[in-house]
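Just one chain follows, in the form predicted on its own, and it is written as structure tokens.
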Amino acid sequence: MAGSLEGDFESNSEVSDGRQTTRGDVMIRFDNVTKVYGNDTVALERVNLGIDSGEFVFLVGASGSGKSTIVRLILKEMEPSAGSIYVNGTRLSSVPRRRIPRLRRDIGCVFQDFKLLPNKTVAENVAYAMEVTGQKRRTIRTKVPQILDLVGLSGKMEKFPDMLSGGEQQRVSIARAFVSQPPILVADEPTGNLDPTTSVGIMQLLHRINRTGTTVLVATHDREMVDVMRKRVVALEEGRLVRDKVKGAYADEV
């Protein structure tokens, strides 16, 4: 399987929207971050991490290692117990509650359970993500078909989520997360509910999005995809960052 995929992930085909991005700009930064939950459970311990503009980074580790905590801290769903977090140049501790929705416009989110609205069609699910941020109807009418074409669902616009396969539902979720072309896309176990063949297509899609200049962070248990794609790998163990390797594998290589 790996032999047939490596060419796909190293290909030069890309989808460009004309944005200028500068590699080297730090998009996500954790400075000595610790997170302790109320029952004295240490979720993260003195984590230092920087992710540059345009990077594709896998966040790996066993259940309970701290991956989801990092995702929730980036989204400002919770506060760190110590340390500082910066997203797209903004120190999160300086962002008041009323401005959190604006902060999250810069972060597209993809989840394991899709989180689609069951009573809305594919097109309506994607459009809704633009409506809640106040974008103009004309822009929505233009962008929704474009993004659904990008994710390979141009023929499914009027379908409802329960009429789609799991892989198709995840593609809708990715389209919704990326339709406003945020500078950062965070995916938390995006292939967790999918079969291996479908997982390949989802990872290829995230790779294409990364090629547009979007910074992509994927928290995953998908060992095979991590090993095939050979992107930067950040490994957590019991809340501590234990490995950070460019073109890494899921586990330490001997």
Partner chain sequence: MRFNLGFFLGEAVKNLRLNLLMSITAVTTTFICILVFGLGLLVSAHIQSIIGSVREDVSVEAFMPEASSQEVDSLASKVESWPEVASVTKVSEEQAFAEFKDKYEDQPDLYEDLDQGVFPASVQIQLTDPDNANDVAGRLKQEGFTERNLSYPQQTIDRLNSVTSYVSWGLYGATLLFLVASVLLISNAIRLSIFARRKEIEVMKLVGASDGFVRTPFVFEGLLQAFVGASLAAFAVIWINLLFVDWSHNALPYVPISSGAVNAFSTLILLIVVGVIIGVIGSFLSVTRFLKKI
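Positions refer to the first chain, counted from 1. All of these numbers come straight from a predicted model, not from anything done at the bench.
Beyond what is shown, the protein has a form predicted in complex with its partner chain; the following relates to that form.
Participant: So if I measure heavy atom distances to its partner chain in the predicted complex, which of the stretches 146-154, 118-126, 162-170, 85-93 falls within 4.5 Å?
Facilitator: In short, 118-126.
Participant: Is residue 132 close to its partner chain in the predicted complex, meaning a heavy atom pair under 4.5 Å apart or at it?
Facilitator: It does: once its partner chain is placed as it appears in the predicted complex, residue 132 has a heavy atom within 4.5 Å of it.
Participant: Is the gap between residue 136 and its partner chain in the predicted complex 4.5 Å or less for some heavy atom pair?
Facilitator: Within the cut-off, so yes.
Participant: Please tell me whether any heavy atom belonging to residue 141 falls inside 4.5 Å of a heavy atom of its partner chain, as the geometry stands in the predicted complex.
Facilitator: Heavy-atom contact with its partner chain at 4.5 Å: absent for residue 141.
Participant: Find out whether any non-hydrogen atom of residue 77 is located within 4.5 angstroms of its partner chain in the predicted complex, and reply yes or no.
Facilitator: So residue 77 counts as contacting its partner chain.
Participant: May I ask whether 97, 105 and 176 each come within 4.5 Å of its partner chain in the predicted complex, counting any non-hydrogen atom?
Facilitator: Every residue of the spot touches its partner chain in the predicted complex.
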